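Shown next as structure tokens: one chain only, the form predicted alone.
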């Protein structure tokens, strides 16, 4: 009999749930919190809501928002100094993947010491982390429920993937109302990241029945609600369902891990300050084409989840329909189509292929890859 493990935080989901941040920290025994955010979240007004919730709960707090879209080792070190100098005993991350990943990384250094580079890879964290409450505002990264933190090594110009059970936050808060302040471009980019999480988790070598059900739901919700979510900031039904899609995709990939799309995207993100979802959306159909051979039935399933009519088709034919659907979805919502269009230079592709080959996400890709295979995929997408 197979044994399946599934890990997740306490989840608070729904309109207005962001107001529960302060009380959530109190329940974890916090008295003095570091709130990690970024300039975009501050401009949208959500940091003020979190600060007010902490005030009302009687918590002391310090804010740190020196965080960029591909968060860097230097930002983590700076945030850790703020945490220690202010004698904080818990951490709140509010935003998309960047502030949440930085908040997790600060938690590591605050209690385990050393440099964030020491924790790259799987299960390198040895001491318990402080209480963590994460508030997602993007319907994208899934970081608020995952055991991942991805940080740029500025010297090596690559993204470090840190994976540990310790990184699963104590409480994740997902308030769909926060999505109403996102631009159409960011909604499209983060939404395609959700789709990538769902698809990569579903075909992952580490997928289980526990992750499959989450991945399936996420893929179906994206197919139905991403277009209307991009079209209108005020479509509450679309925002709520995309928030749910992001949550379920996050639970799926946190437990099943990912694949070649994310390994390659991490390599690009280490070199270029691009939106992670934009890179994923370009690479996803090419990696799907490559991986189709490894498990045609799973790709045929994905076509069904996307709402494609696959009657009378073989698994391979249905799988190809899923790839066509993904390409058309990206076109419909105005996502970039080529790596060259977003500034990636051709002479970087070989070196990025080597970096991607060694990324932790590549281990669970369903089809074996060589550096040459990765380079060919990059060239197709360029």
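Positions refer to the first chain, counted from 1. Treat the numbers as computed from the prediction; the structure is a model and nothing was measured.
This protein has a second form, the form predicted in complex with another copy of the chain, left out of what is shown; the following refers to that one.
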item: Close approach of residue 269 to another copy of the chain in the predicted complex, 4.5 Å, heavy atom; value: no
item: Close approach of residue 321 to another copy of the chain in the predicted complex, 4.5 Å, heavy atom; value: no
item: Residue 244: touches another copy of the chain in the predicted complex, heavy atom cutoff 4.5 angstroms; value: yes
item: Contact test in the predicted complex: residue 84 vs another copy of the chain, heavy atoms, 4.5 Å; value: no
item: Which of 109 to 117, 154 to 162, 277 to 285, 208 to 216 sits within 4.5 Å of another copy of the chain in the predicted complex, heavy atom basis; value: 208 to 216
item: Heavy atom contacts to another copy of the chain in the predicted complex at 4.5 Å, residues of 20 to 59 in sequence order; value: 20, 27
